[in-house]
Ligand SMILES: Nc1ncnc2c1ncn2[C@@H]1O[C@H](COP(=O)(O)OP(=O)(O)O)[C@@H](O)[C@H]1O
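As structure tokens, one chain now follows by itself in the form predicted alone.
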Amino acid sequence: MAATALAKAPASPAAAGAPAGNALSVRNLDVVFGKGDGAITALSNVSVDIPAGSLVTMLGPSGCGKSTLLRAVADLVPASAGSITVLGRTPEQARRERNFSFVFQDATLLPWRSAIDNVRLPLEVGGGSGTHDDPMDLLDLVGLKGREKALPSELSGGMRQRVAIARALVTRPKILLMDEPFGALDEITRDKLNEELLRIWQETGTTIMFVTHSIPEAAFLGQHVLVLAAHPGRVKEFVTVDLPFPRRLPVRDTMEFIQITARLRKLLEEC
């Protein structure tokens, strides 16, 4: 397959009010760690467009640069060559304007703060335009109404990730970057949070980039799946998932879903 993939997607069902065009544009991106003989090329000539309001999952073998790409978009890793445009701005400008939020595999909650106070944290740190949502409303959105005073130690792993998602949404980011946020959870909890994430996406219209190692998760969540090959990390294919929304877990038993996951598995085997 070609090493460059440019997404041309239908409008997201999540976002009747979402802006048209692309939320992210990556062009000929290289990310190299180190110098000289010890240099490691994490990403090579990566080009992709992420439509505004879409949910794109990223799939690939270990070491293919999925997390590196997410971090480059978030201005946490510098580009060695090429460019990244986030809502028409550089990653640094977008970070300063708080146009995106990041959710990691670990919820990274402050253990001495309650759920509601963890959600409030970005508002206390300051910066950005000051536009935000009500933290209590967001806890309700993620299904934690009534647990606002609970400490992280009093919450399950899935509940802690719900708090992390609410915290990421409190500043009304236009883009949500998620790096294997459900990877450490048991399968039943993960399935529930998959459905919850789709509901939140459809309610908020936020553009989401979601890294996963799970083929079924990538197919279930994504309007599109960005498949990366490894050594060096590069675009293998940008796959459109032609399954209707809203999606529920039983869709995974359909022939259409099985065919999509089989295609994704074949692409990974070729990486």
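Bear in mind the structure is a predicted one, so any value in this text is a computation, not a measurement. Heads up: residue numbers just count along the shown sequence, starting at 1.
This next part talks about the form predicted together with the named molecule, which is not shown.
J.: Answer yes if any heavy atom of residue 56 is within 4.5 Å of a heavy atom of the named molecule in the model of the complex; otherwise answer no.
T.: No, residue 56 is distant from the partner.
J.: Any chance residue 61 has a heavy atom within 4.5 Å of the named molecule in the model of the complex?
T.: Contact check for residue 61: yes, within 4.5 Å of the named molecule in the model of the complex.
J.: Is residue 67 close to the named molecule in the model of the complex, meaning a heavy atom pair under 4.5 Å apart or at it?
T.: Judged by the heavy-atom cut-off of 4.5 Å, residue 67 is in contact with the named molecule in the model of the complex.
J.: So, residue 245 and the named molecule: in the model of the complex, are they within 4.5 Å at any heavy atom pair?
T.: It does not: once the named molecule is placed as it appears in the model of the complex, residue 245 has no heavy atom within 4.5 Å of it.
J.: Ok, 218, 241, 42, 227: which has a heavy atom sitting within 4.5 Å of the named molecule in the model of the complex?
T.: None of the others qualify; the residue that does is 42.
J.: In the model of the complex, which of the stretches 67-75, 163-171, 189-197, 111-119 has residues with heavy atoms within 4.5 Å of the named molecule?
T.: Of the stretches listed, the one contacting the partner is 67-75.
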